[in-house]
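One chain follows as structure tokens, the form predicted on its own.
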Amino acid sequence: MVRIEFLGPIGKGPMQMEAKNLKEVAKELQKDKELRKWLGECAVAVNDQLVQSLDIELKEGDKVTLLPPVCGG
């Protein structure tokens, strides 16, 4: 199982799922209408390290975090 966390205005509580890689996580999250709009806009971190590819392999206990864009100055 991997833990999925959503930060900021996404407004979803953490969830757990079986996934071998980030592609599987993205496919599952696409099923949720509210999350779908965030998926293309969010940065993604695995175990607190930003990643650029959905080809990242996951292992038991990994944490995936979706970080929405923020405004600031």
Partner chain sequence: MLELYPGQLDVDKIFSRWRKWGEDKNYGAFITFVGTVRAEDKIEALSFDVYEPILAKWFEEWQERAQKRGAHLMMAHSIGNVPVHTSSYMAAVFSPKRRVALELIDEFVEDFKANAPIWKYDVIAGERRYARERSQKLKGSGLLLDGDQ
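Numbering follows the first chain given and starts at 1. Because the structure is predicted, anything quoted here is derived from the model rather than measured.
Beyond the structure shown, there is the form predicted together with the partner chain, which is absent from this document and is the topic of what follows.
Trainee: Tell me whether Leu39, Val44 and Leu54, taken together, all sit within 4.5 Å of the partner chain in the predicted complex, counting heavy atoms only.
Mentor: The answer is yes: all three residues contact the partner (heavy atom, 4.5 Å cut-off).
Trainee: Residue-level question: is Val70 within 4.5 Å of the partner chain in the predicted complex, judged on heavy atoms?
Mentor: Val70: contacts the partner chain in the predicted complex.
Trainee: So, in the predicted complex, is Lys12 in contact with the partner chain at a 4.5 angstroms heavy atom limit?
Mentor: Contact with the partner chain, no.
Trainee: Any chance Leu66 has a heavy atom within 4.5 Å of the partner chain in the predicted complex?
Mentor: Leu66: contacts the partner chain in the predicted complex.
Trainee: Looking in the predicted complex, any heavy atom of Gln49 within 4.5 Å of the partner chain?
Mentor: Yes, Gln49 is a contact residue.
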